[in-house]
Every structure is written in structure tokens, then in C-alpha cells.
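One chain comes next, on its own, written out as C-alpha cells in the form predicted on its own.
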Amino acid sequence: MYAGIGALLLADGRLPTGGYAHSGGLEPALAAGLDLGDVPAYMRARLQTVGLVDASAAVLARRSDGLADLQAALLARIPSEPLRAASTSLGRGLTRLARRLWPEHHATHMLEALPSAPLRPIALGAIGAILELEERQIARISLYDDAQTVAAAALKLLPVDPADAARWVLESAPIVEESVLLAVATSRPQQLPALTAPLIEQWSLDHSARTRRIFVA
């Protein structure tokens, strides 16, 4: 359909899905003691754990004619309720976009038929199907968005040169490409990676209890 520009659109932080309200867990990580020098390693750790899980789920959603089993498998891999809520919020934003732009598409109907609001990777993969993106494209977009969310949040939370933040994302490319290959090799929901990041989960719980914060998660 619009695969070329569609891929760029999905990777754009200005897409009206509410992504600007999320820090990829960086805000609570900084509150827990991470400093500026730790941010690139934090970004890489996310890509190799929760980022890979999300990218794999997005690829499966891109292929799927049924999303309920995949949604259940992904929920089982997100033990933190605040992280589930954050992913649901982003998934709801993507679903709203699909409903407005492609109301009659089969993939939009599948999102609306889920018993609960789609998690972000599920909605992202479904829109990837609508736009006829290749599986590697949708995996790369998912991972890039994860890294770019952290970089964009760092600009608001830390005294960092924007060029340095851009360099962090660029230098994450080897991990992104390695994770893309792993994501497209996932063939069914039962094979979804079960990689967790316990500190990110704990920090998300701490963050949800704070009354003074900038980002949702």
C-alpha cells in the first residue's frame, strides 16, 4: 500500500499515538541512580531484553490472522502492571490511528475484536500488515522506536547534547540488526522470547507510586 512512507511514519516520534508521554523507563531509572554515562548501556539492555520481546511480538502480529493468543502470550511476559498499562496506552493510540485511517481493513477489525486493548507490539504489527511492511521492517521499527524513546526522554531529563543522543541510537545499530534477525525467526506465540529486565520492572513499580514525574513510564 504505502510501505515506504508508512515505515517512516511509524518510526516518527510525532505520530499521534501518545509516545511523547513515555520515557522507555529512563525517568525511573535515573531516579534510581543511573547517570548520563549509563544511558547508552541502558538503551542496549532494553533492546536485548524487552525490546526483543516486543519486536518478536510485532512480527508475529504482522503475520497473524488471529491476535488473541499472541496478546495472551505477550501479557504473560510483562509481569509489571505499570509496564502493561504503558504498553496498552500506546497500543490504544495505534489502534485509534488504524480505526481512523483504515476502518474497513481486516487487521483493524482484528484489533477491535481483542477482549482487551491491544498491547503496543500487537497494534504495531497489525498496522505493519495494513501497510504491507516486510517483517524485518516492522521489527526494526519496533526496536528503533524503543531506542529513540529513551534518547528523546534523555534530552528532557539530562544535560545532554542532542548530537550525543543521536549517536547513542546510531551506535545501537548492531544490536538492533541482531535483534531483527532473532525477531523474524520467531514462528509462533509459544516461541516468543521470555526475556525480562527485573530492574526495569522494579523501577516501573516505584515510578507508578510517585506523585511527581514527567513521563507516564
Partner chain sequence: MPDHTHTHPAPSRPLRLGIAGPVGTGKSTLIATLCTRLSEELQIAVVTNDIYTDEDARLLKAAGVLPVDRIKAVETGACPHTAIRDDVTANLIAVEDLEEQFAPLDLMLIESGGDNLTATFSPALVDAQIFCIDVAGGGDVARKGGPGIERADLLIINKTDLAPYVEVDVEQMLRDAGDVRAGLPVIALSRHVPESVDALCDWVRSVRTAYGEGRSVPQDPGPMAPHSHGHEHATG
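Residue numbers count along the first chain shown, from 1. As the structure is a prediction and not an experimental result, all values here were calculated from the model.
What comes next is about the form predicted together with its partner chain, which does not appear here.
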* Candidate spot T17, A21 and V216, all three in 4.5 Å heavy atom range of its partner chain in the predicted complex? -> yes
* Asked: Can S89 be called a contact residue for its partner chain in the predicted complex at 4.5 Å between heavy atoms?
  -> yes
* Asked: Is there any non-hydrogen atom of G93 lying within 4.5 Å of its partner chain in the predicted complex?
  -> yes
* is_contact(K156, its partner chain) in the predicted complex, heavy atom dist at most 4.5 Å -> yes
* Could you tell me if H106 has a non-hydrogen atom within 4.5 Å of its partner chain in the predicted complex? -> no
* Would you mind picking out the stretch of 95 to 103, 120 to 128, 69 to 77, 140 to 148 that comes within 4.5 angstroms of its partner chain in the predicted complex, counting non-hydrogen atoms? => 95 to 103
